[in-house]
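Consider the single chain below, provided in structure tokens and representing the form predicted alone.
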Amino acid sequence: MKNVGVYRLPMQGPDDVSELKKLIEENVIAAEDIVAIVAQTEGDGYARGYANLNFELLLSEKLGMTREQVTEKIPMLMIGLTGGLMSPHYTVFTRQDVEAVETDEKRLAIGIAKTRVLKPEEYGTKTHVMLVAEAVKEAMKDAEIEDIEDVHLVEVKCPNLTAARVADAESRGQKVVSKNFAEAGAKSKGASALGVAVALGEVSADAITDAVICQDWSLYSTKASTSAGNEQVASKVVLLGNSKKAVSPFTIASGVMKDTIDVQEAVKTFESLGLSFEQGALDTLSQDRVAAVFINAGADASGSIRNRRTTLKSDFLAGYQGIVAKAVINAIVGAMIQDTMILASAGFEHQGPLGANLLAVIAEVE
């Protein structure tokens, strides 16, 4: 049986791993039990890389491994750009084998996997989709989750194109999906999300072609949250759900907010975990039970919400529409749970219906 631990820790800067170091040195966390880290870091790709480096250096020391070995062992998904009231933080997941008797009660389980190294010309293609689908299935097995209905969140960190990668592809006579790196990143995220959808039976593999990626928005996953980064060469998968093979003190639930102000669906998701609201916010006991909240923000998918025009795509800050989308949903759900330490990722590419927000909540069992 598996016991999964969840530790949500604040960051004072991209280089701040002091809270994790403290928990390891106080024997609260055993470094060898860490299986994944998902972080909301400030800044761009360089800041994400800096954060990743500091986690690598700390765990390299604690595990007696090289940085490369740490990276191979522990997926670290760094989500950058924290706008508004968003609070930089990271969530550490641990997993231990323990002696316990299986029951019908399902508890939090985690599975990790990754694709092979992708060639630059494969980013954002059907090949990318199918490789991620295979990795998601591997992650389900690793989590010992048998029913796809028990999967509630699949975080994927996928690669993006760089000038060097474009040159590499062209040197071999290959074409990339786009030389516009923003568009290429969107297609990489979209392919990753469709890979999740295929693995979880939300989309048929027969429906996947290169042409549908970031074009046919009727195809999507309600459990995928994907992010692209220049530092990646493969797609890394962290899958969370519930399993009878787990004895964690936590459980997870998920929901789809049809748009950013669909607080009714958010309330249902929290209440499905036995959390209670009082005067519009979680009561004090429920606040203490919340272990982590993950949201994929999709407000930047269109220029309107419920027939009201927005300027996310047209105003002065249009170039930062993803940051604005994350900041808005962070403020709304943060007010509901009285905490802004929420991991929010932006990107609507096949991650739920257009304009939706995908919500996943981990809470301590009553």
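Here the structure is a predicted model, which means the values were calculated and not measured. Residue numbers run from 1 along the displayed sequence.
There is another form of this protein, the form predicted together with a further copy of the same chain, and it is not shown here; the text below is about that form.
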Inset, instruction - Run the contact test on Q69, P75 and A246 with a 4.5 Å heavy atom cut-off to a further copy of the same chain in the predicted complex and return yes or no. - result: no
Inset, instruction - Using a 4.5 Å heavy atom cut-off, indicate which stretch of 80-88, 119-127, 158-166, 101-109 touches a further copy of the same chain in the predicted complex. - result: 80-88
Inset, instruction - Could you confirm whether V267 comes within 4.5 Å of a further copy of the same chain in the predicted complex, counting heavy atoms only? - result: yes
Inset, instruction - Answer for A39 alone: is it within 4.5 Å of a further copy of the same chain in the predicted complex, judged on heavy atom distances? - result: no
Legend entry - Close approach of T260 to a further copy of the same chain in the predicted complex, 4.5 Å, heavy atom: yes
Legend entry - Interface membership of D339, a further copy of the same chain in the predicted complex, 4.5 Å heavy atom rule: yes
Inset, instruction - Using heavy atoms only and a 4.5 Å cut-off, determine which of L63, I29, V35, L53 is in contact with a further copy of the same chain in the predicted complex. - result: L53
Legend entry - in the predicted complex, residues of 302-326 near a further copy of the same chain [heavy atom within 4.5 Å]: I305, R306, R308, R309, T310, T311, L312, S314, D315, F316, L317, Y320, I323, V324
